[in-house]
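We begin with a single chain expressed as structure tokens, specifically the form predicted alone.
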Amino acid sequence: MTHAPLSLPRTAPVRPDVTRLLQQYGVYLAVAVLLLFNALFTEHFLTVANLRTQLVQVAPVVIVALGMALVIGTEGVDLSVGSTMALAGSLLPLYLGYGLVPALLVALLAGVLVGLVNGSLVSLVGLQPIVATLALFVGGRGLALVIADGRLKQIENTDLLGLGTDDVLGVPVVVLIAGVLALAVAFLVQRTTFGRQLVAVGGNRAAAALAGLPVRRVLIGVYVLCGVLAALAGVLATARLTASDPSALGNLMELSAITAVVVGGTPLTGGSIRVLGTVTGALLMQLLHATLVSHNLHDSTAQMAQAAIILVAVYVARERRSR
């Protein structure tokens, strides 16, 4: 009696979905690698003073990026955030004589007005977001220069300066504000009706309209939130720099914010918002820049490295969508 040789059933080889893993965790892995590299090879990196400096510098970027993430979640973009920062900063010296609170309210009101204009152009007029916000990208900074008479103005109000330099229990105020805002935006997106409407509008605007969602109101609200966050970032950056500089404040901030959002995993096609990824993306950009500068590489090299990371992030996102 002969027996046929036994053969085990073949199973397909298990291949890790590298693209999916990079999409989900790539930004966190990159931050961990940079932290480890700096801990081993960068002198004085793990000092309290240096870590404090890195967090204070990235805080305004985080605040602006949170607003940008909301806008991108609706399949939009806001190119005017840097100009809004400059506009808010230029208004502060004019109203600090009335007290800190009135000056802050005026600066934040400027962000509200910028958001209303952008949101109205997108939702009511029907312009593409990149075109609608381009007008205030140029005009907002021009208005800031007119308000400040084209000059840098020193800030002497100690209450305002405290927002940029003081600590609470050892944590810089500006970092605390950025952290609280990140939690608030995460709550807004995940736990509120407005957040769910926002994601639905970004996922499919026509379907959202057919379902009876207030698409125009949601879009205007998103751009107003983005404008207010940008104005607040302008206030905090002015307080940290102890001066209002309408020509430099917020320069290229729109690119930094978009980079943080995209690298953090929020798709440019809308319908999804990753708040923690956005914060981590901003930290990644800050760490990358600090690492390269600490090792005597020119600032332009850091910009090229950032561009490479953006390309990788966009490519990974594209690969996932195509599946």
Partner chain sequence: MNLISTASTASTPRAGALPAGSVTRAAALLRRQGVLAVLLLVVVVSSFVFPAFASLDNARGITVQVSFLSIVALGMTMVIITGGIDLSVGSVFALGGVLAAWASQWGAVPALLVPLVVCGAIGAVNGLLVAKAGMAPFIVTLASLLAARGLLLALTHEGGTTYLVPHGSLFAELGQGTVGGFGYPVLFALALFGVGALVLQRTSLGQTMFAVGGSADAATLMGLPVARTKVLVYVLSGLLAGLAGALNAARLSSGVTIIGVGMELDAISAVVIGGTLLVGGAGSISGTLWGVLLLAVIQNLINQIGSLNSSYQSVVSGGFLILVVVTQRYLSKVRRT
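All values reported here derive from a predicted model rather than from experimental measurement. Positions refer to the first chain, counted from 1.
The same protein also has a form predicted together with the partner chain, omitted here; what follows describes it.
Heavy atom of residue 295 within 4.5 Å of the partner chain in the model of the complex: Residue 295: no contact with the partner chain in the model of the complex.
Contact label in the model of the complex: residue 125 to the partner chain, heavy atom within 4.5 Å: The answer is yes: residue 125 has a heavy atom within 4.5 Å of the partner chain.
Contact label in the model of the complex: residue 262 to the partner chain, heavy atom within 4.5 Å: Yes, residue 262 lies within 4.5 Å of the partner chain in the model of the complex.
Any non-hydrogen atom of residue 138 within 4.5 angstroms of the partner chain in the model of the complex: Yes.
Triple contact flag 40, 166 and 167 to the partner chain in the model of the complex, non-hydrogen atom at 4.5 angstroms: No, because 40, 166 and 167 lack any heavy atom that approaches the partner chain to within 4.5 Å in the model of the complex.
Interface stretch in the model of the complex with the partner chain - options 195-203, 233-241, 107-115, 72-80, non-hydrogen atom within 4.5 Å: Only one stretch qualifies here: 72-80.
In the model of the complex, the one of 188, 182, 161, 145 near the partner chain [non-hydrogen atom within 4.5 angstroms]: Filtering the options by heavy-atom distance leaves 145.
Sole residue of 101, 130, 171, 152 within 4.5 Å of the partner chain in the model of the complex, by heavy atom: Residue within 4.5 Å of the partner: 130.
Those residues of 281-303 which, in the model of the complex, come within 4.5 Å of the partner chain by heavy atom: Those in contact are 298, 299, 300, 303.
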